[in-house]
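Below sits a lone chain in structure tokens, taken as the form predicted alone.
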């Protein structure tokens, strides 16, 4: 059992309050996921030639005292890459103008215990072990700004409680997924994708779904076509919530065993596993509140 939350704001002024509105949603899902928590937030994109990486230093010897500025000096000395760093506890967002694969290769060679959480022009990602309230406080989620986000609280059922197995999962650039449920065929999905050169970082079933859907997007599918392929290939019980630079998408399996509730009005679209995580939102009494149907696609534009 896990908890999912999503929030997309339609009113520009609410972009400044995205994190403030989201934190009670995430904490409201504590009983569904006390082991770990995380979120991915999408904001204004960097310029075309720029990229950013979300990084986690908790597995390194120095942990939260990791020498992030030494890392940026190393990038300049070895690759002649100028980078900016935004540090929050044992996470940091590294922004630069260079090919991301070159930078990631250098990071793996020189800082092998540093975990790369996400890559893109719009996405920042934070996840860690601890209760939702602890994680939200550790990374100051309440101050986060942007157009939309995807969050998760985890109760582990099929893999270890570690930061890298927490949600959201990412693949490629600017794509993330959170999951409530369990898949019965993640190993078959892995065997399908590995001949295409797709590498897996964990044994988590959610990673298999994330990499499958991103692979379909990379192969040329639009989001709706990729989700339809997911209905055909992914077996098990699931509610998936996904984020891209300009969309928030929700699907449930054909049996709709895992709960989800949507509230939508002129100002926002909010999604959670239970209504109690939506009850505090402004003007919720006038929102359209509904339960998503099984095997249907719900896609909202940012």
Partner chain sequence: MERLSFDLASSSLSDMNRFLHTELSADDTRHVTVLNPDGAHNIAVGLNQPVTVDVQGHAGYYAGGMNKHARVVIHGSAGTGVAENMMSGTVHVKGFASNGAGATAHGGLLVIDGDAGLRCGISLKGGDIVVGGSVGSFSGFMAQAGRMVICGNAGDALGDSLYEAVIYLRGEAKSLGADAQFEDMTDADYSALAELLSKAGLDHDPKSFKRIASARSLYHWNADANQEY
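Positions refer to the first chain, counted from 1. Keep in mind that this is a model prediction, so the values were computed, not measured.
A second form of this protein, the form predicted in complex with the partner chain, is not displayed here; the remarks below concern that form.
Engineer: Could you tell me which of 247-255, 46-54, 59-67, 33-41 sits within 4.5 Å of the partner chain in the predicted complex, going by non-hydrogen atoms?
Structural biologist: In the other structure, the partner sits against 247-255.
Engineer: Does the 4.5 Å heavy atom contact test between residue 289 and the partner chain in the predicted complex come out positive?
Structural biologist: Because a heavy atom of residue 289 falls inside 4.5 Å of the partner chain in the predicted complex, the answer is yes.
Engineer: Verify the contact flag for residue 294: yes if a non-hydrogen atom of it lies within 4.5 Å of a non-hydrogen atom of the partner chain in the predicted complex, no if not.
Structural biologist: Contact with the partner chain, yes.
Engineer: Taking 4.5 angstroms as the cut-off for heavy atoms, does residue 233 touch the partner chain in the predicted complex?
Structural biologist: Answer no; every heavy atom of residue 233 is more than 4.5 Å from the partner chain in the predicted complex.
Engineer: Indicate whether residue 264 is a 4.5 Å heavy atom neighbour of the partner chain in the predicted complex.
Structural biologist: Answer no; every heavy atom of residue 264 is more than 4.5 Å from the partner chain in the predicted complex.
Engineer: Along 275-291, which positions have a non-hydrogen atom within 4.5 Å of the partner chain in the predicted complex?
Structural biologist: Sequence-ordered list: 275, 276, 279, 285, 289, 290, 291.
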